[in-house]
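To begin, one chain is listed below as structure tokens, in the form predicted alone.
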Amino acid sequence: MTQTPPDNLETLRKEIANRYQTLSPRLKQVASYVIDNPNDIGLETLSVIASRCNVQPSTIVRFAKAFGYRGASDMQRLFRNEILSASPAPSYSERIRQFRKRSDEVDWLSPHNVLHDFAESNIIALEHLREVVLPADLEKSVELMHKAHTVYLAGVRRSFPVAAYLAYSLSHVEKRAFLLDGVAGMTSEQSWMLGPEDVVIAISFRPYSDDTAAVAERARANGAPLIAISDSRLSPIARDAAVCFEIKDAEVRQFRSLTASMCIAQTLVISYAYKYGAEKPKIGDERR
């Protein structure tokens, strides 16, 4: 039976995420690149795309056929049409390549240039965030938080500051929140009671945390809606999430920022506070 190919990008992205674990290692490489670099898929040649995701051009063709397309060009047409229907802007990866090229031309050891690198990279990340986050996803997340009895927050290592901020700030707008900090390795014990009346906000980036993935799986098993903040729809916490925010945080000289992730967290809390919280949000009151 011939598979009917997805006729729009949103359906294709969901199909890739659903089938990701069943793909071969090479096709997984292509899947990750397709999800993370949509503008490149629409604008670049097959040879350039293959070079950037470190596979042969024939692998790109095989990937497209695996999803029902006659060839890579049919799949690329979906991405090209989305670019033409939107405001023209270079892809996130292309902006980073341009920035790195400029950065190579200056004294990168200078503290002032380190500051410039971080500031410029975070500006790019925030501009990308503003372009890709859907208003409907923000509205849905705020509504899920409002309806939830408890907001469970999961994030470790680099993601922990985002989870901790959400726990702190939600308490200041009088929303019941519980930080799954995993103290003494007790993440499983802390999350056992979450249920359909709750919501889980999970934050994880490559390399993904097994503990956070386990919390996401517990949410799925217990029927709790999941809001994922991650760097890809192929993240283990993104599968079956009610909402997934794909964050491309800045990376400067192998140090990764949290600016865009914190921006999403602040947006969710402040939006909740003004729509459902106390009359005067207390987030800035450090005396509490």
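Residue positions are given as counts along the sequence shown, with the first one as 1. Basically, rigid core = biggest C-alpha set you can superpose within 1.5 Å across the two forms. Because the structure is predicted, anything quoted here is derived from the model rather than measured.
Omitted here: the form predicted in complex with the DNA. The next part is about that form.
Q: Is the DNA in the model of the complex close enough to Leu46, Lys65 and Gln76 that every residue in that trio has a heavy atom within 4.5 angstroms of it?
A: Yes, the whole trio is in contact, each within 4.5 Å by some heavy atom.
Q: When the DNA is placed as it is in the model of the complex, which of 25-33, 256-264, 216-224, 238-246 ends up with heavy atoms within 4.5 Å of it?
A: Flagged stretch: 25-33.
Q: Using heavy atoms only and a 4.5 Å cut-off, determine which of Ala72, Ala125, Val173, Leu144 is in contact with the DNA in the model of the complex.
A: After the contact test, the surviving option is Ala72.
Q: With a 4.5 Å heavy atom cut-off, would you call Val61 a contact of the DNA in the model of the complex?
A: Answer yes; at least one heavy atom of Val61 falls within 4.5 Å of the DNA in the model of the complex.
Q: Are any of the heavy atoms in Gln56 no more than 4.5 Å from a heavy atom of the DNA in the model of the complex?
A: Looking in the model of the complex, residue contacts with the DNA include Gln56, since a heavy atom lies within 4.5 Å.
Q: Rigid core fitted, is the C-alpha displacement of Asp74 between the shown form and the other one 2 Å or more?
A: Asp74: C-alpha displaced by 2 Å or more between the shown form and the other one.
Q: Is there a C-alpha shift of 2 Å or more at Val30 between the shown form and the other one once the rigid core is superposed?
A: Shift at Val30: 2 Å or more after core fit.
Q: When the two forms are laid on each other by their rigid core, does Ile41 show a Cα shift of 2 Å or more between the shown form and the other one?
A: After core superposition, the C-alpha of Ile41 moves 2 Å or more between the shown form and the other one.
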